[in-house]
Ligand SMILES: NC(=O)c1ccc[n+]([C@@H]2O[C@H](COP(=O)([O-])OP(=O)(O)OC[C@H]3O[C@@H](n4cnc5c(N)ncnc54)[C@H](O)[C@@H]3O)[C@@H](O)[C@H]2O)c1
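One chain comes next, on its own, written out as structure tokens in the form predicted on its own.
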């Protein structure tokens, strides 16, 4: 769990701060007293948690494209960060089929631009590059992938994330081991939670349909994914960034500068149909779901990650099981639909998460 006393006053640059995960992370940093700034495109959805929470007024926000090296360099110079959390990306598998060039330009070259600007940041001590569990060469194994498994990817999105991992490793070995900034990469599963309105994601699709009184359309009911609440991997990213920043021991730093999985328990890898059935049950109001026929782009059937390393070496542990994750997500959207402010709901859930010492109190 991140230490608020460490984060108080820290200058933190978050790329992708206008997105779903970026907004949750920015609110958590502000709650701990950090001084976050951000670089990202305009919010990708309307509504967006970034806008509803008023983050454009609460932090220094640079609207720009990580495909533009000049914009990246300007944002890094302005922030003079001590810690860099790189989350900006093209995050959707299905969109990558339609826009493969843009996906690689954003996810791979955008990361290269961020790392190049980071090389010139004099105060920078730690860098966490967020990729995806889809970076692994997926062989449809029934067992989870470890950090030592080869990179790969069937679709443009997954392949771009594998390439991002390789680029980050090259920059770490070639430059950052000499410059003083410690660099690690992180991989999480399917992240869900309140305030996500992205297209072609299961839970946002569910919430849009349910909030409008429609049946939920499901296209791939048998796909198995490692589902987790957004706060789970964010806690891991923050814990790792803190360790990278503070650990001066050369052997320990070498151990930290690596790839890290932050996934849920194996029991929380469930089929899409299982998830949707329980979401509509929790929503009530005679909610239902239907299977959508037709051809759909390839999506992996089995994908799980092994987080043993994060558990043993960082002391990170998931706090919400899948049942709790779904409860919190449905609760967020129900409260928002009832008129509560998005910022207040999000900060309330962050506070509850911080206070947990076990699963689902």
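No experiment lies behind these values; they were computed from the predicted model shown. Numbering follows the first chain given and starts at 1.
Quick note: we don't show the form predicted together with this ligand, though the next part is all about it.
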Query raised in the report: Among 29, 322, 310, 40, which has at least one heavy atom within 4.5 Å of this ligand in the model of the complex?
Result: 40
Requested in this report: Please pick, from 261, 131, 158, 126, the one residue with any non-hydrogen atom lying within 4.5 angstroms of this ligand in the model of the complex.
Outcome: 131
Query raised in the report: Tell me which of 188-196, 118-126, 272-280, 205-213 has residues with heavy atoms within 4.5 angstroms of this ligand in the model of the complex?
Result: 188-196
Query raised in the report: Can any non-hydrogen atom of residue 83 be found within 4.5 angstroms of this ligand in the model of the complex?
Result: no
Query raised in the report: Might residue 66 be said to contact this ligand in the model of the complex, defining contact as any heavy atom within 4.5 Å?
Result: yes
Query raised in the report: Do residue 201 and this ligand share at least one heavy atom pair within 4.5 Å in the model of the complex?
Result: yes
Query raised in the report: Is there a non-hydrogen atom of residue 91 within 4.5 angstroms of a non-hydrogen atom of this ligand in the model of the complex?
Result: yes
